[in-house]
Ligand SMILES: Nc1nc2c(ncn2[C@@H]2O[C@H](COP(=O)(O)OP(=O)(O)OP(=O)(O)O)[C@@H](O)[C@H]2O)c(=O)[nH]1
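Heads up, the chain below is alone and in the form predicted on its own; it's given as structure tokens.
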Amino acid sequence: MKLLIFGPANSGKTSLLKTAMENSSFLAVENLPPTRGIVRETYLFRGLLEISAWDAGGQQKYQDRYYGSQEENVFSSVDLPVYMVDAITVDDTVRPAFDRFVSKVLEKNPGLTMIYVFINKIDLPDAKEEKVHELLTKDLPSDVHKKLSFTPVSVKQGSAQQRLVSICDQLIEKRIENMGKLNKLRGIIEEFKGAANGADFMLFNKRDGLMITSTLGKFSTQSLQFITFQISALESNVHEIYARTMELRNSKVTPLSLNTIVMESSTNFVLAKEVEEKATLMVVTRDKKLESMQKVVEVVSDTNPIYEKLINVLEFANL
């Protein structure tokens, strides 16, 4: 797991890491020299979670590199972004630096659900944590604001360490829970294969397009970009004909959703289907026999018990 701890110089980033992850005392880190560039350390948190911590020195000359030649290396593949500011600095440089970080982290990691913001040094008599919080949140777009978690902390008093440890504990719980869900999903797609004449099934995460699991094992592909069809005029014509057909049958007309595509090669059928806006299921038949495709259509039907199991697991999964 990649932890990126970022923020202006002298905000307490290195002190937090050393006291939280290395059990150093605050006295041992109180007078640390400024961090030069990126310092990377690997920690085994609670013996369960390997954390690759990227401690980014806050001096301006290093900041320019982070957003320049080192941008991809620094900001990509971040699992846990922490931005640290101190509670005694309220000036014109604070907000632009914060906005730049948030924008870049979300750009490089679109699947991130939370950025943690630590307002440090609230133990100092001239701390202005409320003003700092107001400065960082004023006029933030709502979609960005909901991805930010602000906490006033003190590395000296230990509340910053408690907060970071609590966040890491939550990540461990989520990963253990998701491993159980992943095992269930693997079992479900094997059931699909058994019920569909040996067709191979692949399940992709809709959020980032990456493969979750498949009947062929986990293998690397480019991120799948499965876009719900928007075919305007044709879709309108199809719905009109469908509605007229149902009226003639004296049957109910319900909304249409075009979320499945079927393609064919000289030897196989290939089907891709959106699953409840959570995932994309892709199927490749073993041959090009009509009964093989019929079996696939049967097992991915909304009324099939195996498909219902898939929906139930995905409903609570965050893979």
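Counting begins at 1, following the sequence as shown. Nothing here was measured: the structure is a model prediction, and the numbers come from that model.
As for the form predicted together with the ligand, it is not shown, yet the points below apply to it.
Pick from 184 to 192, 165 to 173, 151 to 159, 243 to 251: which stretch has non-hydrogen atoms within 4.5 Å of the ligand in the predicted complex?
-> Among the candidates, contact is made by 151 to 159.
Ok, Leu216, Leu112, Leu124, Met179: which has a heavy atom sitting within 4.5 Å of the ligand in the predicted complex?
-> For this set of options, the contacting one is Leu124.
Work out which of Ala53, Ala56, Ala279, Met293 lies within 4.5 Å of the ligand in the predicted complex, going by heavy atoms.
-> By the 4.5 Å heavy-atom cutoff, the listed residue in contact is Ala56.
Counting only non-hydrogen atoms and a 4.5 angstroms cut-off, does Leu32 reach the ligand in the predicted complex?
-> Contact with the ligand, yes.
For Ala9, is any heavy atom within 4.5 Å of the ligand in the predicted complex, or not?
-> Yes, contact at 4.5 Å.
Any of the heavy atoms of Tyr43 lying within 4.5 Å of the ligand in the predicted complex?
-> The answer is no: Tyr43 has no heavy atom within 4.5 Å of the ligand.
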